[in-house]
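Quick setup: one chain, the form predicted alone, written in structure tokens, and binding and motion questions come after.
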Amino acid sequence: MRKALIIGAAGFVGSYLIRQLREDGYQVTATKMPHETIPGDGFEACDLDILDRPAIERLLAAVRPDSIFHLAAQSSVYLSWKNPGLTIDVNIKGSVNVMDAVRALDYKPRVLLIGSSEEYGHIAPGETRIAETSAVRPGNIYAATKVCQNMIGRIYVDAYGMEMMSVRAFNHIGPNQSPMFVVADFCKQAAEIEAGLREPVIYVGNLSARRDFTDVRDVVRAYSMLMEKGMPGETYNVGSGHAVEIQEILDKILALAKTEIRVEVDPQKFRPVDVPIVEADTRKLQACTGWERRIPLEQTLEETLDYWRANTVRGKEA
């Protein structure tokens, strides 16, 4: 049986990727930090700090994975401004530690480095849809570290012949996502209003921005397919290929709500700089793997709202 190692599996994407890889026939090992937990079963969990290169080397020697998915990152844009040193350490030094540990092996596993659409940064008018060849203009520390990871990964492929690909993931959404992200935020507020835990008002930021939303289950399926078919040294956009206005997202959630809800603007929810539209060109991904989006936006929104309904009820009973 093929072996997969997920580095940094305690976040939103990790448990979904574990399930996808098990369905695809992998034996899965997933890492986390000591204070973290990974929900689910059917996999081996172990602690790993990617700033500890000898620990990475010991884990790789013990597991000898065929495929490595590098999810571990400091992924908060907000925290990247507050603590740029930590973001640089984890996202650049940690990634290089992983690459060097893989390079030292006596065989060549395939590696997928997970990046972000934030790397494209300040998108000029007329540049959408955004292709992998578009200019990267990172506008925050987190984005800059992901650009650096991507560039170093390409250098390692060219210099050492490593079997390594990169992705730039656009907005992915679904049940169990943190409410620091807009869809989860709206759904959590709606569920709390339905449960009588707050006034019947949803607070919002910029509703005119258009973003490329994809269900996380479709995203991890793309990751698995790229691990099988991706070309070393290449970067692939992962997204729906269709931008949706935040206002439309809100309207769909309000239509699903079981009570009347007012909408009020909260200036604190606005970003200092907000790109009007972000939309992925996914033709390269589709040509390489045959991947297509399967889960419609309406289904994702309904299931995310149901997730927050269930968790809000449990929280109320506690």
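Computed from a predicted model, the values in this text were never measured in an experiment. Residue positions are given as counts along the sequence shown, with the first one as 1.
Unshown form predicted in complex with a small molecule; subsequent notes refer to it.
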property: Options 59-67, 32-40, 288-296, 252-260; stretch whose heavy atom lies within 4.5 Å of the small molecule in the predicted bound form; result: 32-40
property: Any non-hydrogen atom of A280 within 4.5 angstroms of the small molecule in the predicted bound form; result: no
property: 4.5 Å heavy atom contact, Y307 and the small molecule in the predicted bound form; result: no
property: The small molecule contact at V28 in the predicted bound form, heavy atom, 4.5 Å; result: no
property: L301, heavy atom within 4.5 angstroms of the small molecule in the predicted bound form; result: no
property: Contacting member of M99, A72, I130, M165, with respect to the small molecule in the predicted bound form [4.5 Å, heavy atom]; result: A72
property: Proximity to the small molecule in the predicted bound form, single hit among V111, A222, A190, I114 (heavy atom within 4.5 Å); result: I114
